[in-house]
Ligand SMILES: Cc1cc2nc3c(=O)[nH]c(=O)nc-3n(C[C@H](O)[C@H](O)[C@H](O)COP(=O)(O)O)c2cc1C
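Coming up is one lone chain in structure tokens, specifically the form predicted alone.
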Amino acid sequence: MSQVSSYEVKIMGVSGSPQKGATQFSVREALEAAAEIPGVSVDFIDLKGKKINFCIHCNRCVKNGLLYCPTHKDDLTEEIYQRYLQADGFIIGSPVYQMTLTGQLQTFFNRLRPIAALFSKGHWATKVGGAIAVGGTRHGGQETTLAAINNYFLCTGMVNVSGGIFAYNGGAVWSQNRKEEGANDDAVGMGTVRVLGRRVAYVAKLLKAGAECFGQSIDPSLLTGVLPEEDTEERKEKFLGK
């Protein structure tokens, strides 16, 4: 059996800030920490400057089995959805806006509905997610912003990791409203960010190696929490609003 170190994983970073600054810097720092681990490659999506249309919950994507949004094709392209699908782990960051995440990031989450439909196939159950929040004040809503991002991971069925035993919810940074410089000066906060990056990468590798130990494909119902004897078709119809 191959050692865990031989498994290759890709970690996706997403900066949910509308501008270049501390959040973008922090997510990239976490990705750099992840990339120091052998067999780890990284990718990055920056929401800065992107005008993302709202999801109108038309369900065209789900009903037609599409892994992209057919209603709004130009803001989030099919290529972005594919990149997101190919990742084994995610590091997602947001600045604190009124003690929660930005509108840009929440809209991005909503627009991931086409690939969220893979929940029932167990796709997301073997993926890993870690959150980063950047606040202008020391105690300015980082915890609640981290909870909002972590809730996204939980609703997809991902494995959610923290920033370690000293950062229970994820990476929390105090930027003092001085963008990259301020974030970099927060030694404690940047430490939690780097720990988060390494933890996401290591757990992603462990999950990939562990899945192979089964020697066969795993029944998606075991990963998604849907019991085999339950009427899954009826549940899907209610979920999709058919």
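All values derive from a computational prediction rather than experimental measurement. Numbers follow the displayed sequence, beginning with 1.
Heads up, the form predicted in complex with the named molecule isn't pictured, but that's what we're talking about next.
Trainee: Exactly one residue in Val96, Ala167, Val159, Ala116 has a non-hydrogen atom within 4.5 Å of the named molecule in the predicted complex; which is it?
Mentor: Only one listed residue qualifies here, and that residue is Val96.
Trainee: Okay, which stretch from 172-180, 48-56, 194-202, 27-35 lines the named molecule in the predicted complex, with non-hydrogen atoms inside 4.5 Å?
Mentor: Among the candidates, contact is made by 172-180.
Trainee: Verify the contact flag for Thr137: yes if a non-hydrogen atom of it lies within 4.5 Å of a non-hydrogen atom of the named molecule in the predicted complex, no if not.
Mentor: Output for Thr137 is yes: heavy atoms within 4.5 Å of the named molecule.
Trainee: Applying a 4.5 Å heavy atom distance criterion, does Gln19 contact the named molecule in the predicted complex?
Mentor: Judged by the heavy-atom cut-off of 4.5 Å, Gln19 is in contact with the named molecule in the predicted complex.
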